[in-house]
Ligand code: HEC
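The chain below stands alone and is given in structure tokens; this is the form predicted on its own.
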Amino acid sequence: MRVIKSFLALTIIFVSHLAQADNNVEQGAQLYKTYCSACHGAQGGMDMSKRVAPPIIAVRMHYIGVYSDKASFVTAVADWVEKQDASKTLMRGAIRKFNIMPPVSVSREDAQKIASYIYEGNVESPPGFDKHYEEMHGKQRGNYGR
């Protein structure tokens, strides 16, 4: 009986953590739309003269290549949102093209939710991104893609 109670307790804890993680991703998607998509969204495609920032799929690609586990990815993105530092960027070309990202008034907790959403990979990909990626990096998208 004690084993069954322990198993049930662990199951409830596990399910509640999954539900919280899903909720963070859903909230992150909404926060991304509010704070990030105007600059990092799909509009403008890959015509860099029509963009003000790199598409979020490109940001994801660069970060997940260095921070492959969710915890370090979320921390790294939230750190960047909290304090942009050109010497610590993973996207030097983007800073040369668009300048450094201006500060964003978002809490650390909300930045972590946005990063969780980005990490999950269901992010916008502008028209022409696949062709651009192939030209810049070859055909293998591996873990970087959606």
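Just count from 1 along the sequence shown to find any residue number. Everything numeric in this text was worked out from a predicted model, so none of it was measured.
We do not show the form predicted together with heme C (HEC), though everything after this point is about it.
Although the partner is absent from the chain shown here, none of Ile64, Gly121 and Phe129 has a heavy atom within 4.5 Å of heme C (HEC) in the predicted complex. Gly28 falls outside the set of residues with a heavy atom inside 4.5 Å of heme C (HEC) in the predicted complex. Proximity of Val52 to heme C (HEC) in the predicted complex: non-hydrogen atoms within 4.5 Å are present. In the predicted complex, at least one heavy atom of Thr89 sits within 4.5 Å of heme C (HEC). Though the partner is left out of this view, Val106 does reach within 4.5 Å of heme C (HEC) in the predicted complex, counting heavy atoms only.
Heavy atoms closer than or equal to 4.5 Å to heme C (HEC) in the predicted complex belong, across 91-122, to the residues Met91, Ala94, Ile95, Phe98, Asn99, Ile100, Met101, Pro102, Val104, Val106, Ile114, Ile118, ordered by sequence position.
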